[in-house]
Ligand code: C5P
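As structure tokens, one chain now follows by itself in the form predicted alone.
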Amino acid sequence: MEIKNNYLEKVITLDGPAGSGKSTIAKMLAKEMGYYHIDSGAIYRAYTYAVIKKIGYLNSPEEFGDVFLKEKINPEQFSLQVYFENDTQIIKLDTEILNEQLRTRELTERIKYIADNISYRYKVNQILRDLAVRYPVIVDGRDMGTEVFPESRYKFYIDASIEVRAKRRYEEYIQNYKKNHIDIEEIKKEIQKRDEQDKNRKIGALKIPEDAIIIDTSNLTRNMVLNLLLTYLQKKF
């Protein structure tokens, strides 16, 4: 799909691996600049949630994937809305507003089947581009600067070490879900596995955009990363 619209002047992409902090930084940057933050991962999670509601979790992620592919569940059958309210991205499935139910480990184990499906990727990319036409946006994911908005002038790749990402994910579970029985080594293995999957996906693989600015956040605070991004953007704008 060729994109020629001037709206690309108002699109900033942040790609990077899971747990690198790109979503948190994207939210901070959007607030600082008066932009809207689009969380593309949350949209894929929302479609995963919709499929789970239709066929259930089943006995394992593998069985879930097999049934999903066998039944050929099209994204168009779901009434999913994505919009902004008070500068916050809202995702609604029918009349249900989705939030914490998108962040369970069980859902995370099944999202790859939806995120690897060409029909769902096309649908989510369409949603992202439609939003970008209407609003100045900052969007994070794993292929925003390579596949969805390849012509954007403002691209960043946010990275961090495995150890740091595992610690961040562990603290997230503790803070948001009050789960103190999670093993950080188990989280580290899950992230390593996710990295390999993301880099080797046939569709929308995790790549560093050729013209992206790479920022390693391992030893940086959130405010330090934010200031770096703002400095780079001031030079480009």
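Since we're looking at a predicted model, the values are computed, not measured. All residue numbers refer to positions in the sequence shown, first residue = 1.
There is another form of the same protein, the form predicted in complex with cytidine-5'-monophosphate; it is not shown, and what comes next is about it.
- Taking non-hydrogen atoms only, residue 143 approaches cytidine-5'-monophosphate to within 4.5 angstroms in the model of the complex.
- Shown alone here, residue 45 lies within 4.5 Å of cytidine-5'-monophosphate in the model of the complex, counting heavy atoms only.
- In the model of the complex, cytidine-5'-monophosphate sits within 4.5 Å of a heavy atom belonging to residue 111.
- At the 4.5 Å threshold, heavy atoms of residue 103 reach cytidine-5'-monophosphate in the model of the complex.
- The three marked residues, 168, 222 and 226, fail to reach cytidine-5'-monophosphate in the model of the complex, with no heavy atom of any inside 4.5 Å.
- Of the candidate stretches 155-163, 93-101, 72-80, 115-123, only 115-123 contains residues with a heavy atom within 4.5 Å of cytidine-5'-monophosphate in the model of the complex.
- Shown without its partner, this chain lists 201, 31, 53, 188 as candidates; in the model of the complex, only 201 has a non-hydrogen atom within 4.5 angstroms of cytidine-5'-monophosphate.
- Contacts to cytidine-5'-monophosphate in the model of the complex (heavy atom within 4.5 Å) from stretch 19-37: 22 only.
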